[in-house]
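Starting off, we have a lone chain in the form predicted alone, written out as structure tokens.
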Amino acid sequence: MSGRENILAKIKAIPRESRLLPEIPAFEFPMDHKVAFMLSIQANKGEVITESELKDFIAINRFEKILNLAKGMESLSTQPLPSDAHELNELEVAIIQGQFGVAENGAIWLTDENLGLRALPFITEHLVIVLEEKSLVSNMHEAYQRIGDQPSGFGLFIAGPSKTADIEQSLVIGAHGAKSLRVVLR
């Protein structure tokens, strides 16, 4: 018997009590989901807007490189989804569809199905996520139950624009990704 097998055999021989896993309580969420979600997005330095406000944002800033992957906003797109993420290097606005949002922290769940290219939410200057109000859940417990065993090989929560801070507590927005996050809540 090797040293490794000897150690593992000794560990397995240790008597252990059988214990049940603790039961996770149902956490009550005191606020209206929409109100809590909007407050969370604002606290994360994002903004919840309407479709008309999105159109105004694009017009006022004269954005020319816009990629839309969200349903119902196809007219806003000025370019198709490229096959190579390197072609997104000058993308000004990306509009994508979120699967669901979390009221307690403003996190929005995205998978490959929503992104087209995984680099999309990080390489664009301004990220817009379209989300159905009915898709909001209370907390992360509900969010992880909803994710379950989804077949996607990639998924992430986005809760605001890119942020970083140094030891002097100087906050920099957009250093490692999008400079802004706007959520269109339908």
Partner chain sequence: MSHPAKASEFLQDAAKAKWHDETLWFVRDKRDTISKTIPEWEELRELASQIKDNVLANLYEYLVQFEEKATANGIQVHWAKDAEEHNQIVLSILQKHQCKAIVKSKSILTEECHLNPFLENSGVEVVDTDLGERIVQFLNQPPSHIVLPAIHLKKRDISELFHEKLHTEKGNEDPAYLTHAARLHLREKFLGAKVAITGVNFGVAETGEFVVCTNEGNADMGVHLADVHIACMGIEKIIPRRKDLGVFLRLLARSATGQPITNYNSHFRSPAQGKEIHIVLVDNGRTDQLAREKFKNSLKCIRCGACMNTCPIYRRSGGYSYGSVVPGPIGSILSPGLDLKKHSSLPFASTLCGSCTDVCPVKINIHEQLYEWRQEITKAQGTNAKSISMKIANGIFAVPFAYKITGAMMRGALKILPDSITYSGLNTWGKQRDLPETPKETFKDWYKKNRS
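Rigid core (definition): largest C-alpha set, two forms, superposition within 1.5 Å. Treat the numbers as computed from the prediction; the structure is a model and nothing was measured. Residue numbers count along the first chain shown, from 1.
Same protein, other form: the form predicted together with its partner chain, not shown, and the subject of what follows.
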item	value
Non-hydrogen atom contact F57 with its partner chain in the model of the complex at 4.5 angstroms	no
Interface membership of V128, its partner chain in the model of the complex, 4.5 Å heavy atom rule	no
Its partner chain contact at A85 in the model of the complex, heavy atom, 4.5 Å	yes
Non-hydrogen atom contact N89 with its partner chain in the model of the complex at 4.5 angstroms	yes
Contact residue in the model of the complex, from T50, Q150, N61, Q42 (heavy atom within 4.5 Å of its partner chain)	Q150
In the model of the complex, residues of 144 to 170 near its partner chain [heavy atom within 4.5 Å]	Y144, I147, G148, D149, Q150, P151, S152, G153, F154, G155, L156, F157, I158, A159, G160, P161, S162, K163, T164, D166, I167, E168, Q169, S170
Shift of Q169 between the shown form and the other one at or above 2 Å (CA, core fit)	no
